[in-house]
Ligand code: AMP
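Below you'll find only one chain, the form predicted on its own, shown as structure tokens.
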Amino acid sequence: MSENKTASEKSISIHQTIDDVRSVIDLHKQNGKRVGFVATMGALHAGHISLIEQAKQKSDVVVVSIFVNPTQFGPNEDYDSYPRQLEADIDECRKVGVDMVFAPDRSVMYDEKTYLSIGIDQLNEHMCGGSRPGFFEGILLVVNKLFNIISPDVAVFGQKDIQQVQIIKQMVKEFNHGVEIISAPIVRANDGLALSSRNAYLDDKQRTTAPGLYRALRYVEQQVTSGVDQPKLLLTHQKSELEAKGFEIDYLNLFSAKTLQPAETLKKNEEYIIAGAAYLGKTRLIDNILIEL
């Protein structure tokens, strides 16, 4: 289906089938248009809008997908309760000048029985992959599908999900997708909390506590850039500080930006990710800072 608004607003088309979205994109490609893509699970916030704005700068036509992907949720995670607000999300896309929204049902994206999967070696052993088995395999599966459906020239992903960005870049390289991947900076609230759709789960007290994760990462960044090259004790102390504030730590560490492996001794002229994930109540928060020594 498609939808057109008044002349004062840019027209936006809404598509629910693969054939429909492909036919429109093929026309744009035949006219020499460069296609930009932002993959989302909906519940759009300012972080998503920043990705869309970057896509607009790099392309002629911007496509946003809105699909809560079941293959990246574990059996005890929040697939059923994940916020879904399609009409509000489409309104947001219209306001910021998105050209096309692809909002498929689950049955459009996945057959009832599937026989193939994507495996990952090493890059998902730590960080979020270490505690969420199957998570990145599910992300690669859906992103691979979306790239095949939309054939974008450029795709924008957020740095907040830095492990996802690095793994997708590797997939593009190894699978020869021919898509330029852009990593967009993290968008934060005034108190430093990285914006996330899951922040809606936080109660008022937890919301006040939540920026503590970013402050811990910033403190580690300051110490490391000041010369600390063996951060184990520093990280242990920060974990204890966060636990005292009510966080349940999943991980807090420095990782090689290239291999995503933990870095015990830091070296000059190398890029690292200071990354953490922690629960406040049932809400899982993630954040990171990229540094080059």
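All residue numbers are counted from 1 along the displayed sequence. Remember, predicted model here, so these are calculated numbers, not experimental data.
One more form of this protein should be noted, the form predicted in complex with this ligand, which is absent from this view; the next part is about it.
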{"property": "Interface segment, criterion being heavy atoms within 4.5 Å of this ligand in the predicted bound form, picked from 55-63, 38-46, 264-272, 251-259", "result": "38-46"}
{"property": "Contact label in the predicted bound form: Ser50 to this ligand, heavy atom within 4.5 Å", "result": "yes"}
{"property": "This ligand contact in the predicted bound form: Met100, any heavy atom under 4.5 Å", "result": "no"}
{"property": "Contact of Gly158 with this ligand in the predicted bound form (heavy atom, 4.5 Å)", "result": "yes"}
{"property": "4.5 Å heavy atom contact, Gln164 to this ligand in the predicted bound form", "result": "yes"}
{"property": "Position in contact with this ligand when the complex is considered in the predicted bound form, options Tyr82, Tyr214, Tyr201, Phe147, heavy atoms within 4.5 Å", "result": "Tyr82"}
{"property": "Position in contact with this ligand when the complex is considered in the predicted bound form, options Leu141, Val187, Val154, Cys128, heavy atoms within 4.5 Å", "result": "Val187"}
{"property": "Sequence-ordered list of residues in 112-134 near this ligand in the predicted bound form, where near means a heavy atom within 4.5 Å", "result": "none"}
